[in-house]
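Same protein, same chain, two forms; see structure 1 and structure 2 below, as structure tokens.
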Structure 1
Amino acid sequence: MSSHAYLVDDDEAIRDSLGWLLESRGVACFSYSSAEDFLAAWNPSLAGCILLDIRMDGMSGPELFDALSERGNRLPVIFLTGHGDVPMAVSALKKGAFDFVEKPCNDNELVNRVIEALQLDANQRVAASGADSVNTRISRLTTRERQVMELILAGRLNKVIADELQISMRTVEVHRASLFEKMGVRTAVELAQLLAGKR
């Protein structure tokens, strides 16, 4: 689960030299000799970044990138190419690649890009963890509590909520209190801020 650079290149010499370079700078590294291999190994819980050669036997770098995107990949991807053209670089970046570098390139520069990518992933991860814990809390609400929450967020008064759900006001109050408790919030305002952006 720790942060690694995932290196995908069908040229063993590159894998070795790049792998060694990264390790020597303190970046743990896994190598794959084909896009297919990495795709099989990939799972949503990987952390770090991906270094992808453009031209490879079998599935190409961009194809792998697309496949990973479809599977919900969040890891920053750095494309490596010895024969990159501008349209390819533009297309890769517009699709959300983190970077696109030409080989050969300055070693120092490349490692820096990798470290930036690692940092980005780490940041995204902490940002997402907040959202996750909120979603977890929501998932622990009962159906009724969720319904009541929706209506609270819609600005309805307890009396109105009771009416709309065809239950007594007291019951609404009970649900309200218990969902506040479960969501770890003390007022409706806090609840609204906690869910800002969602729903």
Structure 2
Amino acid sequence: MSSHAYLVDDDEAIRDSLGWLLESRGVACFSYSSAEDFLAAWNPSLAGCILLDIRMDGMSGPELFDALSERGNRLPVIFLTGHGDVPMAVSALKKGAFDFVEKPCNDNELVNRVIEALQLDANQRVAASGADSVNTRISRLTTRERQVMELILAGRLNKVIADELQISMRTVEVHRASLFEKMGVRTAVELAQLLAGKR
């Protein structure tokens, strides 16, 4: 399933410029001129992330965010905020929004955050696609990688893992990098989250 950025903003100039910016970095973008339009188009199978303006005519960004949350939305949401909207954006973060970016924003920084949100969504979908997929990945690990993984999950640092397994720290790092790649995660936290339902 391909993922997209869903841009919800009632300012046509911003929709055009951000849409072009995202497409120029290889991120497909669908634009909506109102929260109501996006809410009508939303369904649980959408993949990607939402770029959401806080202040819009009609339903506001935070109101849309709440409505989507009630419907079980799992897409990461990045709020686009004007200078005075930061308290509202912080409140949204506490409710589970992915991030907020102040307008006018640094183009590359914004696209980088969108790409991170798309990656988060992809990782969550892989994790949610069921234990089979996780089991398949675990089955690809070598015995040593599994030992390293168990110790990482137990919160051990590389140096302690090296001592416990009587191998060099460099070897631990190699196993760690390899198992992270096979498991499709970038950090120990992501690994723990991926396996949370398995343990």
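Numbers given to residues start at 1 and step along the sequence of structure 1. Note that the rigid core is defined as the largest set of C-alphas that superpose within 1.5 Å between two forms. Small disclaimer: the values here were computed from a predicted structure and weren't measured.
Here, the chain labelled structure 2 is taken from the form predicted alone. Core-superposed comparison between structures 1 and 2: the CA of Leu141 exceeds or equals a 2 Å shift. After superposition on the rigid core, the Cα atom of Pro104 is displaced by less than 2 Å between structures 1 and 2. Relative to the superposed core, Asp11 shifts its CA atom by less than 2 Å between structures 1 and 2. On a core-based overlay, Gly184 has a Cα shift of 23.2 Å between structures 1 and 2.
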